[in-house]
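There is one chain below, alone, in structure tokens, taken in the form predicted alone.
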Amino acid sequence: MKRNSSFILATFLLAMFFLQGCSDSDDNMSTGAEERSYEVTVLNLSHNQPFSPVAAIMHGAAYQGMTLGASASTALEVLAESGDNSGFLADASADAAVSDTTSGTGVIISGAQGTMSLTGSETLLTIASMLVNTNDAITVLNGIELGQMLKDETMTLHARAYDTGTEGNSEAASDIPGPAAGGEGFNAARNDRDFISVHPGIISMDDGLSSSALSESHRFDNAVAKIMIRRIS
């Protein structure tokens, strides 16, 4: 009897240990990354450079929408030359490191702003938009960390203009899709340095570039955009 009691007790304790292990395992499997929601507002600080609909992406460190000094992806080239962000957002959505994407609803004219919302488990934010009265200028916030923000906390940042290097800055009417010229948008041929850099700015017809379709009003200084971010949940 004594031997049987010891065997039963040992079996019971082993079963309890196994069940405890299973419980811990289940808890670990059910624990996921916390989803957070953010409201992102983009204010156009330029004098006469409308912004194309803004692409906004929540992602982890493995995703890179833009790398300074590197060649632009085809999707980023399309965005920078035509203002069409659909391919850029589609590429992001297909990336495993991206947890949410969204687009602004329309063009943001000078002095106006647009607001978007994103919800995701990743905590880096990238946004991109074309300055449409240019050949291939974009304004970008690239991989900004939001993970330390508390609910209802706000963050204000400023973004500069970048040159994607896919189209020479001719400023010609035939090459600028915005209202200043109404020219061509995306062209697959790359005729510039083919790497991303800080934009050198607009020369314009008023400062000696006689072939330019742009005037002094289309020049811009950095920063060109003010971005206000609020964590909403």
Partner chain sequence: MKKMLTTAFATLVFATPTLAQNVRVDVTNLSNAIYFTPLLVATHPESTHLFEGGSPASANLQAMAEGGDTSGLIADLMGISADISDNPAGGLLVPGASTHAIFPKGGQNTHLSLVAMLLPTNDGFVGLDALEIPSSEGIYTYFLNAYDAGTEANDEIINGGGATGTPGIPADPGGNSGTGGSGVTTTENNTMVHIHRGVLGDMDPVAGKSDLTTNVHRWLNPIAKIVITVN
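Positions refer to the first chain, counted from 1. Quick caveat, the model's predicted, so the values are computed rather than measured.
Here the subject shifts to the form predicted together with its partner chain, a form of this protein not shown in this document.
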item	value
Distance check, residue 147 to its partner chain in the model of the complex, heavy atom within 4.5 Å	no
4.5 Å heavy atom contact, residue 207 and its partner chain in the model of the complex	yes
Contact flag, residue 193 vs its partner chain in the model of the complex, heavy atom cut 4.5 Å	no
Any non-hydrogen atom of residue 230 within 4.5 angstroms of its partner chain in the model of the complex	no
Contact residue in the model of the complex, from 66, 40, 43, 180 (heavy atom within 4.5 Å of its partner chain)	43
In the model of the complex, the one of 102, 110, 121, 74 near its partner chain [non-hydrogen atom within 4.5 angstroms]	110
Stretch in contact in the model of the complex with its partner chain, which is absent here, among 45-53, 66-74, 170-178, 185-193 (heavy atoms within 4.5 Å)	45-53
Any residue of 208-224 that, in the model of the complex, places a heavy atom within 4.5 Å of its partner chain	216, 217, 219, 220, 221, 222, 223
